[in-house]
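This document opens with one chain alone, in structure tokens, the form predicted alone.
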């Protein structure tokens, strides 16, 4: 038997105002997108903002459906729109903010597994990492330099 040790490095900013100004602005866009979420069932609103290397910012918010599997998360809403509208433009950064209408979310909330896989696909496609910043409604913001820090054993096209 062989042991493999996997490490990830994440960065924690205690407050939104500790982020670089450009990232604060991107996160504010994500917060605004979060407010546009359609989440009547979970009461859990998520917003995402993506900065492309052409300077465009793409937003997404979670969109629920009474048939639960038919909904879509904010991160995938944004990343798929970016891929459809700007198929050859790289994604540089992603900001995510999540808030519950039931409890106050004060800890950083990372992307779900399905969203991590979608982000991984775009990192592989563009062959460059995507910086990911995520937070709850208030409090600390976490930064990952690449999706590989959040999903270290990525399933990608090389396995097909």
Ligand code: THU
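Positions refer to the first chain, counted from 1. Everything numeric here is computed off the predicted structure, so don't read it as measured data.
Although not depicted, the form predicted in complex with tetrahydrodeoxyuridine is the subject of the following passage.
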Original post:
For residue 74, is any heavy atom within 4.5 Å of tetrahydrodeoxyuridine in the predicted complex, or not?
Top reply: yes
Original post:
With a 4.5 Å heavy atom cut-off, would you call residue 122 a contact of tetrahydrodeoxyuridine in the predicted complex?
Top reply: no
**OP:** State yes or no: in the predicted complex, is some non-hydrogen atom of residue 94 no more than 4.5 angstroms from a non-hydrogen atom of tetrahydrodeoxyuridine?
**Re:** no
Original post:
At the 4.5 Å heavy atom threshold, is residue 112 in contact with tetrahydrodeoxyuridine in the predicted complex?
Top reply: yes
Original post:
What is the one choice in 58, 46, 132, 135 with a heavy atom within 4.5 Å of tetrahydrodeoxyuridine in the predicted complex?
Top reply: 46
Subject >> Contacting member of 28, 128, 106, 42, with respect to tetrahydrodeoxyuridine in the predicted complex [4.5 Å, heavy atom] >> reply: 42
